[in-house]
Structure formats: C-alpha cells, structure tokens
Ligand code: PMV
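Below you will find one chain, with nothing else, as structure tokens; this is the form predicted on its own, and questions on how it binds or moves follow later.
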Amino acid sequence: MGVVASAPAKVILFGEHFVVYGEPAIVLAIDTRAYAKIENRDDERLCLHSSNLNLSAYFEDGTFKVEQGNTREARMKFEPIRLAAERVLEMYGKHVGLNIEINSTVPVAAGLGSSAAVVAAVTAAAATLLSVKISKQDIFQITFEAEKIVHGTPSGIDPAISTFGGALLFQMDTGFKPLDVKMDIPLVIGDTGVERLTRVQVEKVRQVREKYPQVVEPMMFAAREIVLRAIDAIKKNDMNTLGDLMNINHALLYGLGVSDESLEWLINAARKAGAFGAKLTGAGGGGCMIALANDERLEQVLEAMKRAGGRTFTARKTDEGVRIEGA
C-alpha cells in the first residue's frame, strides 16, 4: 500500500517583481493541487514517474537513468524530488527504495509554484510511508532547499504557500506573515502556454530600474501602497476595489516590460467579459494571468479567455497546505 499526499499551487495576487526590492507581496494558495504517491520497493532504487510530463527515471548508487522522456528535462524535474526523498531517508536512518508517482494538475513553468507543490507533497508522503515524525516547518525547509536546485536563490514564497496554504504577506526583510482572509476570491487563471525563465524577467526589471531610477522608485512606492490597500479591500470584502488594484498593479508590471502579447490578449479579454480586474501573476513574459470575477460572471470570463487563446481554469483560495490524502 502506498501513501498519497498533495500540496496546493499558488498565485501572486499583488507585488511580484517589486518584492525583490523589499516591497510586500500577497500570495494565495489555490485549490489546484499536485499529488505524489509513494510506495516501498524491495531494492534501494529511487524510481520516479510523472504521468503529466511523461517522464520516468531512477536514481541508484549515484547513477541516474532515464527510462522515458528527455534526459535533460528529467534530471531538471527529478533532481529536487530526489533531494527531498533523500532528506526524509536521512531522517529515517537507513536507505530504502521508493516508487514515486507524480500527478499534478498545476501547469509547469507558468508561475504557479508547481515544483514546490510537487516537492512538498513528496516530502509529506515519504515521511508518512516511513513513519518519520516530520513537522510542517521541516517540510518547508526541505522544500526550500530543493527549490534552490530549480531557482538558484528562491524567495521561499512557493515552499511556504505549498506547505502552509492560506494567504501570506511576504516581505524580504520580515519574511512571511499569515493573512486572515475570510473573503472568497474567485479567480479565472489563464495559462498562455508560453514558458519563460523567471531570472530573465527579473534581470529585465533590474536593467530598467538601473537605467531610470527616478521613474522606477515611485513605481515601487505605488506597488507598496497597492498591497496595503488590497489588504484593506480583502478585509472589507470589496471586490470592486480589489479588481481596480489588480489593474493598476498590472499597469506597473507592463511599464517594467514584463508583460507580453500572450498575456495582454487574455487580460483584455477578461476585462471585456466583465472581470473586476486582471493581471499577470508570477514572473511574466508568458506564463499565467489571473482574473477576478464574481460567481455570475466567472463562466463568461473563462470562455472569453479561452477564445483569446488561453488554457483556462477556475480556482479559489484554499486554507489547506500540504496534506495526506485519505488520512
């Protein structure tokens, strides 16, 4: 018998890119989840399979062997998972073989934190299977360490939201602060299908900031004000203000050069179809955007974005972080 665990994806509601320069960001766990099923093996091989990516490989005695899919892609996707599994095995005290089956509904390389969700789920499932006592803080630390393989110097946002769920206010100098969000936040997420590298977009913003510091500094101040007003709007359940602030936040990001045509098509379609607001989420340059709409308009916004070329789905805030399924 195996153990199945899952962890949520995330959207950045406000503050991406500005967060790199010390401004606050609001991050939301959504009810789109990554699943990991783990079973014992008779040997000491670590076998990994991702059904949605059509990748299979195994690690054994320092050897990495791909059985299905592209070698480079398999190594890139599976290395963080191997690290997480091995950290749990270290806590277990001996090396045993594991079958790890990944099944994720989270779009990959789209800014929704898919890699962190997968690693958090794997960590929780492996610990439960091996009866290793592990806290949420341990899962966060292991996921954060694994994320360094993917992103180099990650902020820790993705591991935190996948582990703890809910809504977080994040700032570089103060770290994470949970936000008590009672408001339902119905979103339509549009995936452009355009993969991009976060570091390329971050570098783009750095260059603009260095070239035009007197222009960009007031934009940073505006981004901070947007986050503070958004917290107030969330407390008051004020969808209209929240939508306006999303539109203004997107205008700032557009001004920094991190939007692109694929995102603009979807954002404009969402607004025309009656969304309160729409913006890119994550790094930009492709990836995903989000649109806020009430329940009556949700379906028409989704259809309009689909007609504009997006892979669309609805999502809502979830307070549940990583969990064992069927527990």
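Bear in mind that the values here come from a model prediction, so they are computed numbers and not experimental data. Quick note: we count residues from 1 along the sequence shown, nothing fancier.
Below, we turn to the form predicted together with the ligand, even though it does not appear here.
A heavy atom within 4.5 Å of the ligand in the predicted bound form is found for one listed residue only; from 241, 128, 171, 155, this is 155. Note on contacts: among 228, 202, 215, 96, the single residue with a heavy atom within 4.5 Å of the ligand in the predicted bound form is 202. Contact between residue 165 and the ligand in the predicted bound form is not found at the 4.5 Å heavy atom cutoff. With a 4.5 Å cutoff on heavy atoms, residue 198 counts as touching the ligand in the predicted bound form. The closest heavy atom approach of residue 283 to the ligand in the predicted bound form falls within 4.5 Å. Although the partner is absent from this view, residue 111 contacts the ligand in the predicted bound form, with a non-hydrogen atom inside 4.5 angstroms.
The stretch among 155-163, 99-107, 206-214, 68-76 whose residues place heavy atoms within 4.5 Å of the ligand in the predicted bound form is 155-163. Although the ligand is not shown here, in the predicted bound form the stretch 10-26 places heavy atoms of 10, 12, 16, 17, 19, 20 within 4.5 Å of it, in sequence order.
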